[in-house]
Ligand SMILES: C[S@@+](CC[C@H](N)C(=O)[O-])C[C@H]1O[C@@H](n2cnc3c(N)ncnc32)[C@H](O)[C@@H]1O
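Below you'll find only one chain, the form predicted on its own, shown as structure tokens.
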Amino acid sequence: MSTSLTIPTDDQGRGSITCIGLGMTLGSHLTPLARSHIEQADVVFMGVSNSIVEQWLQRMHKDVRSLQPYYGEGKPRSETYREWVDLMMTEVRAGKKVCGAFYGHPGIFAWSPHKVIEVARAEGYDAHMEPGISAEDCLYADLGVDPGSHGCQHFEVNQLVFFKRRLDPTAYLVLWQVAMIANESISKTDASAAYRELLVDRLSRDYPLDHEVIVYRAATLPIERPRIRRVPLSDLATMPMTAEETVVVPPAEALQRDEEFIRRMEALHELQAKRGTA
């Protein structure tokens, strides 16, 4: 029995764009609604660098076009992502129902899906983003991290090192795309130890060098298990790492009560109680 859904539309001959998330683990994370957007599209653009995923998508749709060939060694990723937007919008303007399929959640660490939706809406086309299971969601499950227990900070690594950001060592810190530090292209090689040593130096302002950090990669195939490596912060510069891996820095300090705020809150409780009995 098919689980396909019919996506309603008020303007049948007009182009549209929907960016959907494939999830992280092939097949098992795809929602019925996301699958329906794929099956009912006129053309599917695939922002995934995996031949197995491409073959899987081609079984669902006859016109799947990979966006990966637009990357180039030494070519700025920003230029590639603008080309992706242009490619998708060309089909939308031609009156086609377009689906952009991206790893994980299409709105997390993904510039092109946000931009193409912005451009399409500005030109009067229907545009929608359908969420998916992201690497962040998998991280919480695989590492047993509850962001509500201590709080959680997230930074793309270059956002941390290129700007003056404040870190809170009482909360979790999640750093994305660490292997791409200071790398503006899609180079497949890991950033050199010298660049990552700069990251270690930055983190050492808030964390001791012997503090344990976690290098994490979510499973992308049903037969895989997540990759989890625990090392001292000092070793982060020299260990091999891929662009898909994420660095998690657990809290290094205990939470401290804000006694002044607590006193003010208790005084407000007492005032409210008196007003309630007056």
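Quick note: we count residues from 1 along the sequence shown, nothing fancier. All figures in this text were calculated on a predicted structure; none of them were measured in a lab.
Heads up, the form predicted in complex with the named molecule isn't pictured, but that's what we're talking about next.
K.L.:
Using a 4.5 Å cut on heavy atoms, which of Met89, Val145, Ile108, Val200 is close to the named molecule in the model of the complex?
P.N.:
That would be Ile108.
K.L.:
Which one, Glu39, Glu212, Glu54, Glu244, lies within 4.5 Å of the named molecule in the model of the complex by heavy atoms?
P.N.:
Filtering the options by heavy-atom distance leaves Glu244.
K.L.:
Heavy atoms within 4.5 Å of the named molecule in the model of the complex: which of the stretches 55 to 63, 28 to 36, 249 to 257, 215 to 223 has them?
P.N.:
Only one stretch qualifies here: 215 to 223.
K.L.:
Counting only non-hydrogen atoms and a 4.5 angstroms cut-off, does Ala135 reach the named molecule in the model of the complex?
P.N.:
Flag for Ala135 set to yes.
K.L.:
Can you tell me if Gln177 lies within 4.5 angstroms of the named molecule in the model of the complex, counting non-hydrogen atoms only?
P.N.:
Contact check for Gln177: yes, within 4.5 Å of the named molecule in the model of the complex.
K.L.:
Is Tyr103 one of the residues lying within 4.5 Å of the named molecule in the model of the complex, judged by heavy atom distances?
P.N.:
It does: once the named molecule is placed as it appears in the model of the complex, Tyr103 has a heavy atom within 4.5 Å of it.
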